[in-house]
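In the form predicted alone, a lone chain appears below as structure tokens.
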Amino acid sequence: MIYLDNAATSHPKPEAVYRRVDDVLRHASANPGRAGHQMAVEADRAIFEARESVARLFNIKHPDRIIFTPNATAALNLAIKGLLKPGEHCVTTAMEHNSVTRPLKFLAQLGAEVDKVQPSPKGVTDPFSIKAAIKTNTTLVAVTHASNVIGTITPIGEIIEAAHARNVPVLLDAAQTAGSVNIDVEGLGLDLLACPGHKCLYGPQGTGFLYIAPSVRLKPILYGGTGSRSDMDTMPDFLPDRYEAGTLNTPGIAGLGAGCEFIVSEGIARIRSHEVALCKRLMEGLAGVPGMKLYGVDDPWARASVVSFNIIGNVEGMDPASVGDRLDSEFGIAVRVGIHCAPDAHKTMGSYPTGAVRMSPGYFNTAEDIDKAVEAVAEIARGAR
């Protein structure tokens, strides 16, 4: 199989990730921080080392401000629901994933205010439009670092500067960039960073994290045991325990840590360059296919490793679902089709309600993979004419 669905979950993982998960599952699968016996201590050490690895990759000064979560969705929910209150205002965009859109909709039904800034059809968000949308009761700006549909990268530095000028914290959804695009938390002055572990960080599914800056205080949304201050009937007031109720996914988090170490050792610039080269090759190849409709910006350096398209033909059956099915069944190429959990993005780029075909190359893909994918799409397109 040629796997081009890395924007959903990366595959394969580095060998070090597989080894680390297996080792912890076999030898340190007790509850971390819940007992003093050797296996529990080793589990706690695995969590600690993973936190350190994440901090090193993202230049986070205080590793204890990294909250491990089951995924980016849980991290985003913690950030949004833990901060935004009825009567307060949030600025977001029409390029967001449902992991941002749906919690904001829920809070809007409870009395919060939400304004969605409209990007260009190519997914480009003007920082001035974010600045102009901020009001006196704005308490959060929530934006994606790169669209999961067309990959367009958001100018986050300018947005943070505009928001901070009004003392408004910024939540960055880095689901499509964490691990493949450099994110310097301290350098950016980032307030909240939500990341999945299973995409460009090469960790297992069921892992993710939220970074919370010292200037931000969130209300917990999950309550339970932490292994600390068990005498209290409220959540501890210190991090990370305040937000990490229940038993953590120790093998998965250890694997996430190994994924971060792999990125550090390979060099994020090298990973980024390879993925950009693959996207450039894919975009140029698809552009030469008659009847092709490509979405997003033309510059591969201005997007994450995501390329979405549709084949505009004159016969029935060329909808994205049909194209994806044929790529899988006839050519052994794995892609994602449809709305991609981001209906507003598809409305912005003009592909709603049918959606699009999305190819997302990863670090372990090759130029040969891309060439075979382009030829497969060309063959399918020939049947549409």
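Here the structure is a predicted model, which is why all the values come from computation and not from measurement. From 1 onward, residues are counted along the sequence shown.
Unshown form predicted together with another copy of the chain; subsequent notes refer to it.
In summary, among the residues A132, M232, A165, I312, the only one with a non-hydrogen atom within 4.5 Å of another copy of the chain in the model of the complex is M232.
With the partner omitted from this view, the residue of L248, V181, L190, I156 that lies near another copy of the chain in the model of the complex is L248 [heavy atom within 4.5 Å]. Residue contact with another copy of the chain in the model of the complex: H11 places a heavy atom within 4.5 Å of it. Another copy of the chain in the model of the complex is approached by P204, whose closest heavy atom lies within 4.5 angstroms of it. Heavy atoms of V377 never reach within 4.5 Å of another copy of the chain in the model of the complex, leaving it off the interface. Within 4.5 Å of any heavy atom of another copy of the chain in the model of the complex lies no heavy atom of G350.
Remark: of stretches 264-272, 219-227, 118-126, 289-297, the one touching another copy of the chain in the model of the complex is 219-227 (heavy atom within 4.5 Å). Annotated contacts: F58, T92 and V306 are all free of another copy of the chain in the model of the complex [non-hydrogen atom within 4.5 angstroms].
Residues A334, V335, R336, I339, C341, P343 are the members of 333-351 with a non-hydrogen atom no more than 4.5 angstroms from another copy of the chain in the model of the complex.
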